[in-house]
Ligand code: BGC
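Before any questions on binding or motion, here is one chain by itself as structure tokens, the form predicted on its own.
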């Protein structure tokens, strides 16, 4: 810790009462707390959950809200110290909460680009679009190493290869934080640790592996980020060999803080401690004693304060542990310059005209181009001629919400072109390049070989986030996981019951076949948050492109389809050819396409 900052932290800590210290350990959702309550209870942080936004979700609305919270936190009197609030959001592929933001491809696509320089540039733009709203903290990047596509958060992972994730981690942190001056925001690496390795890919499930594998695969990407000075780490919902990470003092206090020397703030996930015990009172002590410093409490922040105060009074949580937590929180705030910044309404980047600007969108468009992976190209059908008579079909062809995926404006994402302001759908991008392109009905019923030389069919998944993206063959896997975990397991309704695209979305194959049966060659573009068993769709197509979740700039897809840029993306996840085995570490797993595959 920088000695100048250390001195400031210790000086402030010595002035604080127990109530002020415990207040700093609380982060709660904007909808359940007012600026007056932030002051009264010395609250350390406020956040927006997915889809939670002020006013009309305009940049100015966010600045005004943050300015009000900041002003309340800085009103000093005999009972209150001036400690600035820090606001947190999930800006995980751009400032995806806010209307009009530049939405970058989700991490799975960025992994296929295999471009660390691009990652740092994306992080830098993301930081500026976050700063435009008066916000100082994002819960990104995710450093999960996903090993099972059943997991609904697979698209939040750059790769199944921890080495690629590690190459990205420090660069993304550097892009977000910069020199921690007016151009930077606080980065958070998450989720500590092993979230991508759960059995059956169950969100919040159990990662049953040796410590050697946990360290070698799932911890490895955190090391460069810690070396780069990341200021916060978020704890994971999953368990390791049955024990909840949110109550795991060995992983948090010993490994992360002591062995790896992490000096910043450890924050819980959304109500993450709640699942460590049946009693909320007990769960608080478990989480604090495990080494968590700040607690993301969606609603029950008052009981949290009351219970932790009781634990401190009775010695079930030591003052030494509370002081350590507050020391780390204050260090994060001093290190990012929060005490020296003017109020949000007066900051340089607040309400800045660069928010969602063309320069930012051009970078996102570049990221889309570099993320596309060409899996099949019979007779060199691609690239297409711009004067070709092109029929465009498929449910994801003209749907910006679908191509952005989850965590876009709303927690579970959106459908249609209404909610994601700015950018282009894939169809709109095609339309701008190909004068003879026409939009079909979604099912391709009007395909006509006398009028159409080729068809582009845009298929795949629809938006989801977290556990609602899980694919589960049956409830038996949940029962099995629950029986192995020391604590509670929260499950949500899954996305589906099969990794076979034909089973999940039979309309996709029907559209492809309907057009092919008329003798029209088909270029299939698959929008998805994970690789799926898509043998039927691939075999029925003359060319097949994995577009992942490209974000708001669908124009980038058209750029490559029509040859303005070449295909360069390579798979960062292997592509399964059967539903079992699909876990990359399973014996006998033989993918249809290996990591690194991609035609040019």
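Residue numbers count along the first chain shown, from 1. On a predicted model such as this, the values are computed, not experimentally measured, just so you know.
We do not show the form predicted together with this ligand, though everything after this point is about it.
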query	finding
Partner contact for residue 234 in the model of the complex: this ligand, 4.5 angstroms, heavy atom	yes
Contact label in the model of the complex: residue 563 to this ligand, heavy atom within 4.5 Å	no
Contact label in the model of the complex: residue 90 to this ligand, heavy atom within 4.5 Å	yes
Distance check, residue 452 to this ligand in the model of the complex, heavy atom within 4.5 Å	no
Contact assignment for this ligand in the model of the complex, among 296, 285, 330, 119, heavy atom within 4.5 Å	296
Option touching this ligand, based on a heavy atom within 4.5 Å in the model of the complex, out of 115, 243, 466, 161	466
Listed range touching this ligand, judged in the model of the complex by heavy atoms within 4.5 Å, from 265-273, 435-443, 343-351, 75-83	265-273
Residues of stretch 49-69 in contact with this ligand in the model of the complex (4.5 Å, non-hydrogen atom)	49, 50
